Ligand code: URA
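So this first bit is one chain, no partners, the form predicted on its own, shown in structure tokens.
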């Protein structure tokens, strides 16, 4: 791999910036300054520093974000802020993208990565990745809603959902829903089919990963090695 590609992939510098830094002697490989950023190195074996900082090579990057309300689950939008804008400049340069979508007014756990094959696998219907959401709604849900969720709720457009689980709060105006699919506005439509309307929705679990309770809305952190392994990354 070329040095300038390494620095670009790690979000540290553009190729032009890498070339200028090399000419200034600000890039070293195994302790020796290099003047040509197009030089090929082995990122797994060679020790590279840029502006005095050791460059840690990671082919793929994984981020947990506590998505706030009002952000679009995309990398760009002509009218609204997107979730990638919440990341630092270094991570924005890595061309990360959200794994799946949350509605603009839905908050909570969102994963971002640059691992396209893994993201595709996690979103594939045949893998049935578990997702949990906490919700609140206007009208209390009637008795028997738990059985309706388990027996496949039919939405207004005729779509029959896969079996799901709902555990209600004592007031029956909220609770936790567990799904293994992710159709457009699915939870809102499921609750609507049960005669109420969602007023708050937060994703709390994706696969075996739970939202880090120390992250405030809009905050993020890299996934731990154990969390990455749980995704198959």
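Residue numbers count along the first chain shown, from 1. Note that the structure is predicted; figures quoted are calculated from it, not measured.
Below, we refer to the form predicted together with this ligand, which is not included among the displayed structures.
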**Item:** Listed residue that, although this ligand is not shown, lies within 4.5 Å of it in the predicted complex (heavy atoms), from 109, 112, 102, 83
**Value:** 102
**Item:** Contacting member of 166, 187, 48, 63, with respect to this ligand in the predicted complex [4.5 Å, heavy atom]
**Value:** 187
**Item:** Partner contact for residue 135 in the predicted complex: this ligand, 4.5 angstroms, heavy atom
**Value:** no
**Request:** Flag residue 201 as yes or no: does it have a non-hydrogen atom within 4.5 angstroms of any non-hydrogen atom of this ligand in the predicted complex?
**Result:** yes
**Message:** Taking 4.5 angstroms as the heavy atom distance cut-off, pick the stretch from 179 to 187, 53 to 61, 32 to 40, 166 to 174 that is near this ligand in the predicted complex.
**Reply:** 179 to 187
